[in-house]
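What follows is a single chain, given as structure tokens, in the form predicted on its own.
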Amino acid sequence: MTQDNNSRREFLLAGLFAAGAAVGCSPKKDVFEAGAEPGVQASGKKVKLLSVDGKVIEVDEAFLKPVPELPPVTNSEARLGIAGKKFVMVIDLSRCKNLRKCQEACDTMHHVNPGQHWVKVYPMQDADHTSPYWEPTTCMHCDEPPCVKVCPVDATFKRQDGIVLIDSDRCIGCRFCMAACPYSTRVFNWAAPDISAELAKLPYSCETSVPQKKGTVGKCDFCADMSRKGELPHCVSACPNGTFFFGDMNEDTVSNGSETFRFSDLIRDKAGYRLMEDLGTKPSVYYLPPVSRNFPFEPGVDSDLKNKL
């Protein structure tokens, strides 16, 4: 067992032992007394735990408290990314119905300021005689990101796993990155975020992009914290139509939670493409064309969008 694993094990055991100590235990038997905490009734079901000093103790299940989450990764670890990974996203335009569940989930989980969105859904039409369709857009997490090249303070950076993030502790609000981004996916926080005082006190995490700060730039972060836990980004899991696929190019696999495909087969067989490839930015977001659509084009949540085409 590695040192990191030992440290994690000790942390978890310490949390459980401390939780038990709060309700009182017998020093002779190392058994937690039923009803030691006011208002909590013993269930009669005992759970055996290992204390930090190596003793086996018994705890009534009713007295167990949730173990605190492990501390977030350090800034240095967040800037490096996950070794051996190359994250990619595939958006199937034939499945989008403009429900904006992706947008809602992203806004909620990242506490994005009202009126700003990191996931945008645009009405698109390729020609006068073709049918319009909906196009969700996120940060493209380019392999050659112009935003990174123009940042004077290294606040926006690219990780080894392909994700482009922003360190708001470094961001000076010059907005050079916004001007350089050809996809217009970044937003500026003109106002302080409307969040709880408890959340505002948390140290900023590059991987969660929370809490946002006034006078800094925000954008889609590919839910880097979810990837570290082996889970899908919030926009992917929130879409009821399976429009978004996410995965690892090195493993050649992408999934929307219910369906899993080989990334290379999906892009080849369904004529996948990237936006503005002629710019040489090499985006990590791919699109599947809106053919054989699941839904007809409808205004959806914005009734006036159809008039903008």
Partner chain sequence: MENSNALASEKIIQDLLPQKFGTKGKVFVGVLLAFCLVGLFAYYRQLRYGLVVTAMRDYVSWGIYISNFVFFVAISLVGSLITAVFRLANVEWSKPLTRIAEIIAVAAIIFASLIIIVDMGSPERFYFLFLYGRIQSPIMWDVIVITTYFFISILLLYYPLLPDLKILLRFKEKSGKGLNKLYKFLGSYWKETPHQIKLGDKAINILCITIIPVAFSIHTVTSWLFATTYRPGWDSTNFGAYFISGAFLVGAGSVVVAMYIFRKAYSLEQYITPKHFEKMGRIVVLLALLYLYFNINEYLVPAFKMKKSEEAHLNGLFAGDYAPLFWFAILTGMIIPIIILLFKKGRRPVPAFIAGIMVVVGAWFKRYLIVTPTMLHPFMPMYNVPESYHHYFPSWEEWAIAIGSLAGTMLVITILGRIFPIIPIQETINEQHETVA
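Everything numeric here is computed off the predicted structure, so don't read it as measured data. Numbering follows the first chain given and starts at 1.
There is another form of the same protein, the form predicted together with the partner chain; it is not shown, and what comes next is about it.
* Where, among 84-92, 194-202, 235-243, 215-223, do residues come within 4.5 Å of the partner chain in the model of the complex by heavy atom distance? -> Stretch 215-223 is the one.
* **Val210: touches the partner chain in the model of the complex, heavy atom cutoff 4.5 angstroms** => Close contact is absent here: in the model of the complex, Val210 is far from the partner chain, nothing within 4.5 Å, heavy atoms only.
* **Contact label in the model of the complex: Glu135 to the partner chain, heavy atom within 4.5 Å** => Yes - in the model of the complex, heavy atoms of Glu135 and the partner chain come within 4.5 Å of each other.
* Contact of Ser227 with the partner chain in the model of the complex (heavy atom, 4.5 Å) -> Taking the distances in the model of the complex, the answer for Ser227 is no, it never comes within 4.5 Å of the partner chain.
* Within a 4.5 Å heavy atom cut-off, is Met276 in contact with the partner chain in the model of the complex? -> It does: once the partner chain is placed as it appears in the model of the complex, Met276 has a heavy atom within 4.5 Å of it.
* With the partner chain left out of view, choose which of Ala105, Cys171, Val164, Ala78 has a non-hydrogen atom within 4.5 angstroms of it in the model of the complex. => Of the candidates Ala105, Cys171, Val164, Ala78, Cys171 is the one lying within 4.5 Å of the partner chain in the model of the complex.
* Considering Met109, Met124, Leu99, Val73, which brings a non-hydrogen atom within 4.5 Å of the partner chain in the model of the complex? -> Selected residue: Met124.
* Residues from 145-183 in contact with the partner chain (non-hydrogen atom within 4.5 Å) in the model of the complex -> Residues within 4.5 Å: Pro146, Val148, Lys149, Val150, Cys151, Pro152, Val153, Asp154, Ser168, Asp169, Arg170, Cys171, Ile172, Gly173, Cys174, Arg175, Phe176, Met178, Ala179, Ala180, Cys181, Pro182, Tyr183.
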